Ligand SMILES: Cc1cc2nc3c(=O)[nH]c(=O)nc-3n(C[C@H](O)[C@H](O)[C@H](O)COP(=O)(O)OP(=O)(O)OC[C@H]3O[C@@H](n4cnc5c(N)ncnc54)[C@H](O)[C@@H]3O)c2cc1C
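Presented as structure tokens, the chain that follows is alone, the form predicted alone.
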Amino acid sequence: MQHPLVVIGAGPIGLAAAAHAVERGLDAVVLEAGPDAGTAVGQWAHVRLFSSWAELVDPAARRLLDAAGTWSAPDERAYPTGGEWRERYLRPLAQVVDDSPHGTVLYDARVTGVGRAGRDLLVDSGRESDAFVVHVQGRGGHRRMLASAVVDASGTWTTPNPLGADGYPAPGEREHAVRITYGIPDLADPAVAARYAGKHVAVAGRGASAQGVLIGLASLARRDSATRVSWLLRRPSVGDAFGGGDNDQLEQRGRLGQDARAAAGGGAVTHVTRFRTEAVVGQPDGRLTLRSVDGAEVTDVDEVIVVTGFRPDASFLSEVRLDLDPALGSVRALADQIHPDHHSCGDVAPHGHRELTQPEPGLFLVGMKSYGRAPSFLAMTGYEQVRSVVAALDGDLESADRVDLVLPETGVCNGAGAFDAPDALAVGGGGCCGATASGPELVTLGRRAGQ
């Protein structure tokens, strides 16, 4: 390649892409908006992952780390926290990539635009042959960087979904931001716990993150009985929110669901169903009232924790040609398999460069960003994505088209789109998270007919 491969994001998938490039002798530049590798992961450092170390280390990355001789491989059976994942894997990997003759990792380098050098979106000629131009705002100001290909692994962490039911921040949501937290607060930290202890806390969301918050708040309520929680659910009932339990092949996810079920059934948590936030209203005493679109209200709220998922940011891709699913914002070819309204857990087919390629030749959306708003992404999926993509960029289509993937039953079921019919998506009466008859299946995707 005349110019380097540019990878956006020094998270687990971006660094894995760089590792595969370095291993193949391709020049790669990783652009990370934060000050260090795994900046986004560091913001949820206290959260324990559902996947074990065996599923969290990319094979090419492991080979580079082992060859460097400075890495101590963790116990593959253990389940790290985000902080441990970052300290024991992402930071060492970024250093090894940066130290290699083919890799460069730049920090505080925020990508503000991707396009074709000298051509805007309307120009057809030259799009398959001309270099990409990546606009970067960094420590030295604004710069243009030429690239032979771009792999966008920027994820979705910086764009959480709002509290408002319409997909936009509700009136008053921004104005009362000081009382609203997006994501999972570290309730084991005494300073953070003090913010919520003895307070009325509203929690919006029903997925794994919301369940983790409920567990933490229930524990806090056992220490301070004045702590109470209103759990805001758009659905008419809790339904199958807690996943597959013992049948979940991601053991830690199953355990989380069981613990969350116990927490939600305790006296500190009140279920508020069919609640879709229309407005956040300040009270004279400084607390908040949350109003639903049907007029229902939750009053005297001290703090709000919003754990309603994330969405991709495509704003810096406005000058390249994209083909995204109109609902999920995901890569279009993946949408039917990952849509939380109707997919079964662990049934995402193996996929690689052919599914991930965009109408803009040489541009690939990978990792969480390839899933858009769908919540069921696993690191091992992203590692296989970038292995295939980098092989294709290296001209090794035989390897690129050979996509192998084993996915466990993840316990991710029923999305928000079906909140008015909570049981409509159950499979066999047990939900899609029940164990399959034969367990996970290795699926190999070979070259397609005619290709």
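When you see a residue number, it is the position in the sequence shown, counting from 1. Computed from a predicted model, the values in this text were never measured in an experiment.
Just so you know, the form predicted together with this ligand exists too; it's not on screen, but the next bit is about it.
Undergrad: Decide if the three candidate residues Gly11, Gly14 and Glu32 all line this ligand in the model of the complex, where lining means a heavy atom within 4.5 Å.
TA: The answer is yes; Gly11, Gly14 and Glu32 each reach this ligand.
Undergrad: Only one of Ala264, Ala149, Val111, Leu328 gets a heavy atom within 4.5 Å of this ligand in the model of the complex. Which one?
TA: Among Ala264, Ala149, Val111, Leu328, a heavy atom within 4.5 Å of this ligand in the model of the complex occurs only for Val111.
Undergrad: Considering Leu220, Leu317, Met368, Ala202, which brings a non-hydrogen atom within 4.5 Å of this ligand in the model of the complex?
TA: If I apply the 4.5 Å criterion carefully, the residue I get is Met368.
Undergrad: Under a 4.5 Å heavy atom criterion, is Gly352 part of the interface with this ligand in the model of the complex?
TA: Judged by the heavy-atom cut-off of 4.5 Å, Gly352 is well away from this ligand in the model of the complex.
Undergrad: Heavy atoms within 4.5 Å of this ligand in the model of the complex: does Ala392 have any?
TA: Answer no; every heavy atom of Ala392 is more than 4.5 Å from this ligand in the model of the complex.
Undergrad: Heavy atom to heavy atom, is Gly362 within 4.5 Å of this ligand in the model of the complex?
TA: No, Gly362 sits far enough from this ligand in the model of the complex that none of its heavy atoms falls within 4.5 Å.
Undergrad: Within a 4.5 Å heavy atom cut-off, is Phe377 in contact with this ligand in the model of the complex?
TA: It does: once this ligand is placed as it appears in the model of the complex, Phe377 has a heavy atom within 4.5 Å of it.
Undergrad: Which among 116-124, 377-385, 298-306, 173-181 is in contact with this ligand in the model of the complex, heavy atoms within 4.5 angstroms?
TA: That would be stretch 377-385.
Undergrad: Given a 4.5 Å distance limit between heavy atoms, list every residue of 206-233 close to this ligand in the model of the complex, or none if there are none.
TA: Result: Ser209 alone.
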